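Quick setup: one chain, the form predicted alone, written in structure tokens, and binding and motion questions come after.
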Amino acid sequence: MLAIIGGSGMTQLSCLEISRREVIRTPYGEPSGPLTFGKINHHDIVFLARHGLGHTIPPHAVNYRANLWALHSLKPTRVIAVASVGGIRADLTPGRVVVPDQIIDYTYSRKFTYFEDKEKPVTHIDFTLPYCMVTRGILLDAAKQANEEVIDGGVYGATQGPRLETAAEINRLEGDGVDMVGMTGMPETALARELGLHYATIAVVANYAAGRGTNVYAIPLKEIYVVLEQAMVGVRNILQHLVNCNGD
């Protein structure tokens, strides 16, 4: 079974033939919403809307631990996270799709680990390569089969939100080597690694980051949703081809 986490612009998966919805309880509370089960091209899929079905949960309030634990309980073959980002690097223009290969965490005060039990030894995970490289490769292969252009690689900077960044903050992120900025990449990516999930992200550039491109003085928020709606058509096409590559 392939698991898909939908972000802004993808609160539902229109290509999914839904069979049922199920609320899954976890030791960390409730996930963002019920998990939706169904099929794409006769392959089993489970879908979870990160921000809730009505897109009502802001990035800093998402129960990432419950979300990943619920998916992990189903033993998915792979987890694909769909995210929207702001483009910092010059080629990451609105509407482009990118599969990042690195991440930097700027978030704070989020529940970021499962290893909090004081009765157990301290546990460290290797996070050198934060995304599953095999899953990234499958995503890229699926994009080729779907004839959808994607950018291979980039550094995702995860900020706290829910506000967007200042131009000066974007300058700082660029100086740190960040190529795109989003609000949900962490701790989601690290939690997936702690659980041993084969996890990767496909990111849609919804807008130029603050102070970049045409957004020198302000980011036109209404235009973001127009861009996302158009770009998600290509992402859904990639996901439809990905289920064949996944081998379920």
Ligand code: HPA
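Worth saying up front: this structure is predicted, and the values here are computed from it rather than measured. Note that residue numbering follows the sequence shown and begins at 1.
Heads up, the form predicted in complex with hypoxanthine (HPA) isn't pictured, but that's what we're talking about next.
Mark Gly182 yes when one of its heavy atoms lies within 4.5 Å of a heavy atom of hypoxanthine (HPA) in the predicted complex, and no otherwise.
Yes.
At the 4.5 Å heavy atom threshold, is Leu164 in contact with hypoxanthine (HPA) in the predicted complex?
It does: once hypoxanthine (HPA) is placed as it appears in the predicted complex, Leu164 has a heavy atom within 4.5 Å of it.
May I ask you to state whether Thr135 is within 4.5 Å of hypoxanthine (HPA) in the predicted complex, using heavy atom distances?
Contact with hypoxanthine (HPA), no.
Looking at the partner-bound form in the predicted complex, is Ile40 within 4.5 Å of hypoxanthine (HPA) by any heavy atom?
Judged by the heavy-atom cut-off of 4.5 Å, Ile40 is well away from hypoxanthine (HPA) in the predicted complex.
Within 4.5 Å, heavy atoms only, which of Asn207, Ser32, Thr36, Thr189 is in contact with hypoxanthine (HPA) in the predicted complex?
Answer to the contact question: Asn207.
Only one of Ala70, Ile202, Ile219, Val62 has a non-hydrogen atom within 4.5 angstroms of hypoxanthine (HPA) in the predicted complex; which is it?
After the contact test, the surviving option is Ile219.
Using a 4.5 Å heavy atom cut-off, indicate which stretch of 122-130, 147-155, 98-106, 81-89 touches hypoxanthine (HPA) in the predicted complex.
Answer to the contact question: 81-89.
Need the contact residues for 104-129: heavy atom within 4.5 Å of hypoxanthine (HPA) in the predicted complex, sequence order, or none if there are none.
Residues within 4.5 Å: none.
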